[in-house]
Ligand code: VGL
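What follows is a single chain, given as C-alpha cells, in the form predicted on its own.
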C-alpha cells in the first residue's frame, strides 16, 4: 500500500482575517506542519491544493461580483491567483517535493481532483502514476473542499481517512454532517493521534 497526504486549501483567504476566514484556520496550518514533521515517513507523497481563481472574472459564477453571495454556490472574491490571499498560510511549511495542485482557474472548483499539478497532469493521473492507493485528508474547509476532495478520492478507488483534528470547517453542523456523509461513503473518520502510522 502506498499512501499520500492531501492538504486542502490551507490558504490565507481561508484563515482568520482572510476573505473567507475559517475559525481555527491559522492553528490548523501550524498543526498540519507539526504533523508532517512528525510523520514524514508515513507518506510516499504529499499533495497540497490551492484555490487559484482568475482575476477580473466571476470564475464561472463562483464569485458574486454583483449583489450578495449566497455562500452556497456564490462567494465573495477570494484566492485570486498571484495575490497574498491565494498563498499558503505562512505557518504551513511544505517540503520541496510537495505536489502542488491549483484549482478553480476560471471555474468553480471544490475538490482537489478538479485541479492540475504544475506539469498540467490531473490528480487522478498522478495517483495512478505514483501507485497511490491510500489517502489521508486534512485542511480547509471540512464542509466544502475537504468533503469534496475526500468524496472524489473514494470515487477514484482510494482508501481514505479524514483526520478530524486536522480539519477546520465553516460551520459546526455542516462540518459534522460532512464527516458523517464521508463515513457512510467509506472513509475512516479518525484523529491523527489515534493512528497506527
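Numbering follows the first chain given and starts at 1. Quantities reported herein were computed from a predicted structural model and do not represent experimental measurements.
One more form of this protein, predicted together with the named molecule, exists but is not displayed; see below.
Among heavy atoms of residue 161, none comes within 4.5 Å of the named molecule in the predicted complex.
Although the partner is absent here, residue 88 is not a contact residue: none of its heavy atoms lies within 4.5 angstroms of the named molecule in the predicted complex. Contact between residue 132 and the named molecule in the predicted complex is not found at the 4.5 Å heavy atom cutoff. Interface residue remark: residue 141 is counted as part of the site for the named molecule in the predicted complex, having a heavy atom within 4.5 Å.
Contact with the named molecule in the predicted complex, defined as a heavy atom within 4.5 Å, holds for exactly one of 145, 167, 48, 29, namely 145. Residues from 8-36 that approach the named molecule in the predicted complex with a non-hydrogen atom closer than or equal to 4.5 Å are 9, 14, 20, in the order they occur in the chain.
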